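Just the one chain here, the form predicted on its own, laid out as structure tokens.
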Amino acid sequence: MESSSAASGGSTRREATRQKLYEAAVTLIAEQGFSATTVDEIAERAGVAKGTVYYNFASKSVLFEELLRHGVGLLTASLREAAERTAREGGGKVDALDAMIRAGLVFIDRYPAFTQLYVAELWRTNRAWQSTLMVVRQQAVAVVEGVLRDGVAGGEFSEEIDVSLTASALVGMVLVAALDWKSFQPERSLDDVHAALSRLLQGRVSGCR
């Protein structure tokens, strides 16, 4: 049997390989679409053998489904960490939402190809991974919902706020605004974009007391 250190090393190497496959797949699929992207191209872009792709993922569809889980999982974790950090620092729920907006922008700035692909897939309804997409989307939105509910309970937000719809709107605002920023206004800084969305948040959400 493998020693624990050997097993850990193997796990780390496999995760590194999967990360390379994720990055290769998301770039290619964003460039030319899912159907036009082949496993051979993914393997070549990742710098691995074709068999390595199938060793890690049963098919191209499974790879893409796991890519969605992985990417949205990273986004969800960054949103949660931003909210928790704000709470530790004594900030209110509006501060937490503002921190989450910035965290979302930082994520999109770091992974623009994934964000473009994710938003495009949200509009498609005939994909095999549609149910997975809905699950991981809800995980991200649920983090925002939690902050809004706590804000309502604590009196920071009006009880009339539709928590579910407001959370979806905030996540959607960040995604769409960031894509517009990266595609049409790339000369603007992240700080500038965050400041614009922060003013919108302050005027609409925190103003509904």
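Just so we're on the same page, rigid core means the largest C-alpha set that superposes within 1.5 Å between forms. Residue positions are given as counts along the sequence shown, with the first one as 1. Note that this is a predicted model, so its numbers are computed, not measured.
Just so it is clear, the following notes concern the form predicted in complex with the DNA, a form of the same protein that is not shown.
Contact check for Ser183: every heavy atom lies farther than 4.5 Å from the DNA in the predicted complex. A residue is said to contact a partner when one of its heavy atoms sits within 4.5 Å of a partner heavy atom; Ser164 fails this definition for the DNA in the predicted complex, lying far away. At the 4.5 Å threshold, heavy atoms of Ser158 stay clear of the DNA in the predicted complex, well away from it. In the predicted complex, Thr17 approaches the DNA with a heavy atom inside 4.5 Å. Heavy atoms of no residue among Leu122, Trp129 and Val135 are located within 4.5 Å of the DNA in the predicted complex. Picking from 139 to 147, 171 to 179, 36 to 44, 66 to 74 the stretch near the DNA in the predicted complex, with a 4.5 Å limit on heavy atoms, gives 36 to 44. Within 4.5 angstroms of the DNA in the predicted complex, the stretch 132 to 155 places no non-hydrogen atom at all.
Relative to the superposed core, Val176 shifts its CA atom by less than 2 Å between this form and the one not shown. Core-superposed comparison between this form and the one not shown: the C-alpha position of Gly154 differs by less than 2 Å. For Ser61, the Cα coordinates differ by under 2 angstroms between this form and the one not shown after the core has been superposed.
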